[in-house]
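Following this are structure 1 and structure 2, which are two forms of one protein chain, each written alone as structure tokens.
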Structure 1
């Protein structure tokens, strides 16, 4: 989805602040979130695509005003409610106040290509264009590369397509590639020579642009 998480290229966030001697967890609740996340993952309640998408569905103002581990907490709580492990009212009663959850899942698993996952369609050096489909659900094709042309520079073997995994219990493997984009291709006149961006993309995100 074209959500607030898809941050590549947005302006206005100011300087990057590096904290010297930063602790692994700033507060104990962050460690506890890491622990319950590990528990939920071990129990199979959350997986990669579904979990990422539960965070992507957060309300934009909440996403931007909360920290990484609060994202985890919100996504995990959302999935537990959606799976019927807990109700929202129950969570709010226990927490003694409002418990913000992520918005509804509007995605559906795309159809599969039927291609052989072990036979990559594109070779290194192949020119490709990223399809432009602005998925309503989960995808790992950032908005800033959709519709853009690049060159395949590496093939990485086949992996489960996140767009499918996030919206069904099915897994479908596809080759993935690293694709190189010139800054000017991505940002037009605002781009800079001498800067390139490599983005790792599943095969069905790409079309031939030779």
Structure 2
């Protein structure tokens, strides 16, 4: 999904600030959010694709002005309301005021044909190009690699395609790859000669570029 959440490779947001000796949780509420999220996933109420897309559906100003675990809390609460486990009234009564939720899911799962392919189509060393598309739904193909060419360096097994599980209860397995990109391919003159970036990608994101 195109949106403010896909910040990888974008300039203009300043340097990444690294906190020395950063704790796992800064506040106890962050620990509680982590525990609730783990419990909801264990109970099968949410999955990885749905969870990530619930965060992508946050209002842009809310997303950019909130912290990492606030993203988690908003996405998790949204999914639990959509599943009927909680209601907005419940949340606002406990919060003592307005409780922001993500917008509705307007995406759809991409269509697939046949079974679950597990044998990789592309061999190690194969030159591939990442498909460029702007679907309204979820994808794990970062915007900064779409349309770019790279080389397959590793097969990582077959896993559920998040673009599908984000919008349905269905799962579809596909081979996954580690693909190496030259930084100049990704960022032109902004890249450094000899510098490369590895990105993990599902097979349906790739096409032959040889």
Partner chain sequence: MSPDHAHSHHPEPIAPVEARVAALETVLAENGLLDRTALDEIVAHFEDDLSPLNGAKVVAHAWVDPDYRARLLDDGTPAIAELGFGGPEGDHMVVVENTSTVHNLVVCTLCSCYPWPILGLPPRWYKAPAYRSRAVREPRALLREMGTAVPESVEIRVWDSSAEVRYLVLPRRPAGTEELTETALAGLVTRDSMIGVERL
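Numbering follows the first chain given and starts at 1. Under this definition, the rigid core comprises the largest set of C-alpha atoms superposing within 1.5 Å between the forms. Being a predicted model, the structure only gives us computed values, none of them experimental.
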Study note, to complete from the structure: Check against labels, form predicted together with the partner chain ends up as structure 1
Check your understanding: Superposing on the rigid core, do we see a C-alpha displacement of 2 Å or more at residue 87 between structures 1 and 2?
Key -> yes
Review point. Rigid core fitted, is the C-alpha displacement of residue 193 between structures 1 and 2 2 Å or more?
Key: no
